[in-house]
Ligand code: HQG
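Shown here is one chain on its own, the form predicted on its own, set out as structure tokens.
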Amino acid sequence: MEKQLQHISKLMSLVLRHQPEAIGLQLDENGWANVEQLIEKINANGTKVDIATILTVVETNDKQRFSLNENKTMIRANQGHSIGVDLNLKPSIPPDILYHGTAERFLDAILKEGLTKQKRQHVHLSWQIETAKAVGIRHGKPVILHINAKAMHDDGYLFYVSENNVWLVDAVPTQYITI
């Protein structure tokens, strides 16, 4: 059952963050999808899922990647989109220091170019070192970057925080990064 939930979670991440067209799903401008349509499209593409399974994935996802509306009829990913959606996030004042986990092999490029959003809408930062380490370790030997978010904010950079407490910014120039 655990492997099945993980498979469904990954599939939901794919279609709610990157490729809704992979199963013929339509997202609205804010990234929301109809839960019944999500279930129908996932089932039509060969993976068995029902509302109870979707709710379990949402409630047990370790990174709290997904949100449901109040009556559980609509679902979306909280952040990490590579497609254009407006999450209606309001600028927030970040903690003084935020963290970004990466792999050691990316360090030279980051120290030269800063952190860029790549194919996503934002650079993802964490207020917890442990979370940044968990992100970095997925890609190799982890390196934790310390981001001077206070200085960035004071210099006019806008920060947002997603529903699952991931801090988001458009880019992090090199002068705000230390190891």
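The numbering used is simple: start at 1 and walk along the sequence shown. Everything numeric here is computed off the predicted structure, so don't read it as measured data.
Although it is not shown, the form predicted together with this ligand is what the next lines describe.
May I ask you to choose, among 135, 38, 149, 49, the residue with a heavy atom within 4.5 Å of this ligand in the predicted complex? Exactly one listed residue reaches within 4.5 Å, namely 135.
Just one of 54, 115, 27, 42 has a heavy atom within 4.5 Å of this ligand in the predicted complex. Which one? Looking at 54, 115, 27, 42 one by one, just 115 meets the 4.5 Å heavy-atom criterion.
Can you check whether residue 120 is within 4.5 Å of this ligand in the predicted complex, heavy atom basis? Answer yes; at least one heavy atom of residue 120 falls within 4.5 Å of this ligand in the predicted complex.
Using heavy atoms and a 4.5 Å limit, would one call residue 76 a contact residue for this ligand in the predicted complex? Answer no; every heavy atom of residue 76 is more than 4.5 Å from this ligand in the predicted complex.
Please tell me whether any heavy atom belonging to residue 141 falls inside 4.5 Å of a heavy atom of this ligand, as the geometry stands in the predicted complex. No.
Is it the case that residue 110, even though its partner is missing from this view, gets within 4.5 Å of this ligand in the predicted complex, heavy atoms only? Output for residue 110 is yes: heavy atoms within 4.5 Å of this ligand.
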